[in-house]
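In the form predicted on its own, a lone chain appears below as structure tokens.
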Amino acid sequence: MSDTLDRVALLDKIERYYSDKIRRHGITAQGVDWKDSQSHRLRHQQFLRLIDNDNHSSVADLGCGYGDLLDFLRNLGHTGAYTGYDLSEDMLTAARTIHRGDSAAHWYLSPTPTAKADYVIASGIFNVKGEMPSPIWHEYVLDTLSAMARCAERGFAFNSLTLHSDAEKRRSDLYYADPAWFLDYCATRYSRHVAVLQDYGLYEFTLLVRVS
């Protein structure tokens, strides 16, 4: 992001927003700002196409919250290293407590991944822009994708609310992305091996990028 002060302010707003969510709602889907556990798990399922049953792969989870994706993967037989990154220390405290018996799981306070992983995943972190101007938020999204791509050995994936949702139902504090624009952006910048998923019943899309 071109303006360091803007970035600091933006990250501070994100941290306060999500820390407030888990303080109010605890270890629930609402605690990480999802509507319910069913939609939460439905989003997890979209990332399985990227990981493709590679149960020994390493996964970096950006905006990990209390680590629900880790539980989801472990229940499916994933045994590889997992690294969760989040801006909220409250989220990470909950994650470390819940998963203290998982020696292959590690947790870091960071807005971006700091080490290589086979797959880098970001779920829900681009949705809530609050009062941040859309151009600044859009730049933040692109900066984050760049950081994800640098750390992804085999691929990365993210989701976002979609511009294909009903215009009259959109909220001014949320960010709605054009899936076609992001498909072209990622295909041009990162890899030709990309896919957009927008057929799972939610007003969002998931974009998968394979880099090797």
Ligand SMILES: C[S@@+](CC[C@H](N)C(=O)[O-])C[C@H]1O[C@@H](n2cnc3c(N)ncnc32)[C@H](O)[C@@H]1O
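All residue numbers refer to positions in the sequence shown, first residue = 1. Treat the numbers as computed from the prediction; the structure is a model and nothing was measured.
Omitted from view is the form predicted together with this ligand, to which the following refers.
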>> Within 4.5 Å, heavy atoms only: does residue 155 come near this ligand in the model of the complex?
In response: no
>> Within 4.5 Å, heavy atoms only: does residue 85 come near this ligand in the model of the complex?
In response: yes
> Does residue 91 reach this ligand in the model of the complex if we count a contact as any heavy atom within 4.5 Å?
Replying inline: yes
> According to a 4.5 angstroms non-hydrogen atom cut-off, is residue 32 in contact with this ligand in the model of the complex?
Replying inline: yes
> If you check 64, 186, 59, 50 against this ligand in the model of the complex, which one has a heavy atom within 4.5 Å?
Replying inline: 64
> Which of these residues, 194, 197, 202, 14, gets a heavy atom within 4.5 Å of this ligand in the model of the complex?
Replying inline: 14
>> At 4.5 Å between heavy atoms, only one of the stretches 65-73, 164-172, 178-186, 51-59 reaches this ligand in the model of the complex; which one is it?
In response: 65-73
>> Suppose contact means a heavy atom within 4.5 Å; in the model of the complex, does that hold for all of 45, 99 and 119 with this ligand?
In response: no
> Using a 4.5 Å cut-off on heavy atoms, which residues of 140-171 contact this ligand in the model of the complex?
Replying inline: 140
